[in-house]
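Here you get one chain, nothing else, as structure tokens; it is the form predicted on its own.
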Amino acid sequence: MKRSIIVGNWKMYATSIADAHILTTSIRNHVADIKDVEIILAPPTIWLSEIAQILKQSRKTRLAAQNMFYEPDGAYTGEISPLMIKEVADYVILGHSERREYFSETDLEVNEKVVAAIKAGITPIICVGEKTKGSTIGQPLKELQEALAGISKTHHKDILVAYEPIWAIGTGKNADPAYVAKVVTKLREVVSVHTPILYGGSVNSSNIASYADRPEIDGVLVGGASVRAAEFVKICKIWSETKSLQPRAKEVK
């Protein structure tokens, strides 16, 4: 059975520990009975340790960091190493378009971070996507290939890919599910059949079922809607319910 995964990227929201505590507790309590969906929260890094304690008894909800440096330690003021993240989180978001745009991250840096994450036993969530609507899918394909440079295919089962067309992020203009399915199919040629590929870009409870209807799409990376507990929980529930109505394909071994 294919994995279904929903990631909530809080970005630089939940700006107080009180807000983070309330949001985490509410999500944890309301997703506990949702079936067949892995739920991952990516809060601001400063709250990771606190939230890890809140989720300690949760079997449903896991943690991701939003970024990391590729060195295990050293004189890198302000950076966070894979070994530090490993203490509190199982996943890390890498190559997000906001990191590329605002902090000038290159494909090479993303690759170094992916390599470091895998070496540390952390699952990287690799973000790829094109800037302009209607452009070719060459950019996300290139970004994924570059991110995985030098990484054996035996490790492809240890990664997640998030296809996030940049023109759809935070704009309210989500990508057409049929188009997303085509892109995911092309990205699938680069990675393993066991690599979950998610969609991200203006995902909400009104459009989530249309993505869950597509067997090619394994989950979603939710941005702004993930910091509204009721909305995020609703997204998780609709995804689970929609996927449960689909016939189950035979597992590929």
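The numbering used is simple: start at 1 and walk along the sequence shown. Model, not experiment: these values are computed from the prediction.
The protein also exists as the form predicted together with ligand PEP; that form is not presented, and the subsequent description refers to it.
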Answer with yes or no whether L221 is in contact with ligand PEP in the model of the complex, where contact means some heavy atom within 4.5 Å. yes
Does S202 make contact with ligand PEP in the model of the complex, using a 4.5 Å heavy atom cut-off? yes
is_contact(K234, ligand PEP) in the model of the complex, heavy atom dist at most 4.5 Å: no
Contact of A168 with ligand PEP in the model of the complex (heavy atom, 4.5 Å): yes
Stretch in contact, per heavy atom within 4.5 angstroms of ligand PEP in the model of the complex, of 169 to 177, 79 to 87, 117 to 125, 134 to 142: 169 to 177
In the model of the complex, which residues of 76 to 96 put a heavy atom within 4.5 Å of ligand PEP? H96
